[in-house]
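What follows is a pair of forms of the same protein chain, given separately as structure tokens and numbered structure 1 and structure 2.
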Structure 1
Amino acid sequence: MRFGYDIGGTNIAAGLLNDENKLIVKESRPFPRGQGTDAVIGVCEALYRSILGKADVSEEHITGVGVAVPGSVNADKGIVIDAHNLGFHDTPLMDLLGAALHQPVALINDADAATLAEHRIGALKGTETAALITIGTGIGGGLIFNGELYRGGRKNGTEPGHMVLRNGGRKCTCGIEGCAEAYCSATRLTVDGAKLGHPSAKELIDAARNDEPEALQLFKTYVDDLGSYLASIVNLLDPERIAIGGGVCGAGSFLLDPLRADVEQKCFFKTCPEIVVASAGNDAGIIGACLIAE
């Protein structure tokens, strides 16, 4: 069996994956913000002991441990280069956690972990070339090339949310103007919706669904921007399938139907790839972390 962590700035989630790639036990605990790396390792160790106890599995049956983090990583050296939300900078997480658990540890970016999970068991299964785009507070995702997770030409990973969509546009949280994240994230809907008295992406979408004129226009503009972004990915990579995830997908066909039509209109190729909803859900990070464990 393999063990995996999805370490986020709010919670640390962990789980145990069996040989059929199914999570048999999972658990989460609050991230010890501001308490230092030792406290994070302590929470991870406590989760490890708790989950093995609940599953009635001994340490000898664990073949490896994987860790997904929201930041840039050097997977070969097991170092978290920068994970600002965690306070990790040049942190040798593989060695620290490996010493605490007495297990081999592998490291991966959380968006790459989710992409790997979607490819093995979810919406991207069976594809040779595909992309996952996660739409939340920001924009994340990953790529599948030749049937394998693509970690970047220099192993720095990929940052699809920071493709520049509009020169001199809205300022992104990364400091660059015009990033896709500034136009296609749920935060964009929240910020714009608040001006109309709809201070969440869901409330704005619901207002648009109810034909509130200003909300509907904002939503159409959002779909246009998101469609331009996805069409750019299609024209660059020619993927078989794009999976999108995140809370905005709860809008269902109200989002997906006009989005698919928009991408098709902007696609260079005669036929466009499938655009589907990601299916691995909130467990994708844990599953992907487990899958890289050796």
Structure 2
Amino acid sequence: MRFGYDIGGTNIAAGLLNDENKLIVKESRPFPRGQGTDAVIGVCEALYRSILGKADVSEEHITGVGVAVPGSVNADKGIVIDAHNLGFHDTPLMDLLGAALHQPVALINDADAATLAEHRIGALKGTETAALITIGTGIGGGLIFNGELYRGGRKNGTEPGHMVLRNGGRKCTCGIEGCAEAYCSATRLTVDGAKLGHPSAKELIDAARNDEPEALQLFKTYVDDLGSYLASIVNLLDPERIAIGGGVCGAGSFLLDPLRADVEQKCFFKTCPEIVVASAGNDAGIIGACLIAE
């Protein structure tokens, strides 16, 4: 069996995957923000013991551990290069966690992990060329080329959320101005929604659905930005399919219908690839992390 972590800025989620690619036990605990790397390793270790205990599985049955993180990684050396939302920079996570768990540890970008899961069991199954864009606190993305996950030429993981959408635009968490993440993430809806008294992406979208003029205008601007972004990805990759994931997809056809129309209008090609909702669910990151474990 394989063990996987999806480390996010809010929670650390972990789980145990059996040979049929099913998570048999999972658990999550708050990310110990601002408490340093040792505290993060402590939470990871506690999750490991707790999950193995609940599953009644002993350590000898774990063949490897995978870790998904929201940032760039050096997969060969097991170093998190920059995960701004975690405050990890040049963090040797593979060695630190490996020493705590006495297991081989493999590292992967969180969106790449989710892409692997979507390709194996979800919305990208059967594709040769495809992309997953995860819309959450940040924007993550993973690419499938020739039927396999493309982890970047230097295996740092690709970072499509940091393609610049506006010169001199909003400041992104990475420090650069105008990144797609600053315009297409759920955080953008939350920040802008708060100014209208709707302090979450869901509340803002509900208000737009109820025809509140300012909320509707904001939502339309968001669709326009996300559409431009996805159309650029289509033009770059010519993929068979693009899946989008994250809580905002809960808006269903209210988001997807205008988004598809917008991408179609901006796409260079005569026909636009399918845009579908990711289907491997919230556990895609953990599942993908497990899948890269040796």
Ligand code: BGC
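Numbers follow structure 1, counted from its first residue as 1. Keep in mind it's a predicted model, so treat the numbers as computed, not measured.
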{"property": "Form predicted together with the named molecule, given as structure number", "result": "2"}
{"property": "Which listed residue lies at the hinge, Thr187, Asp82, Leu256, Gly281, rigid motion between the two structures", "result": "Gly281"}
{"property": "Rotation (degrees) of the smaller of two rigid parts between the two structures, from C-alpha fits", "result": "12"}
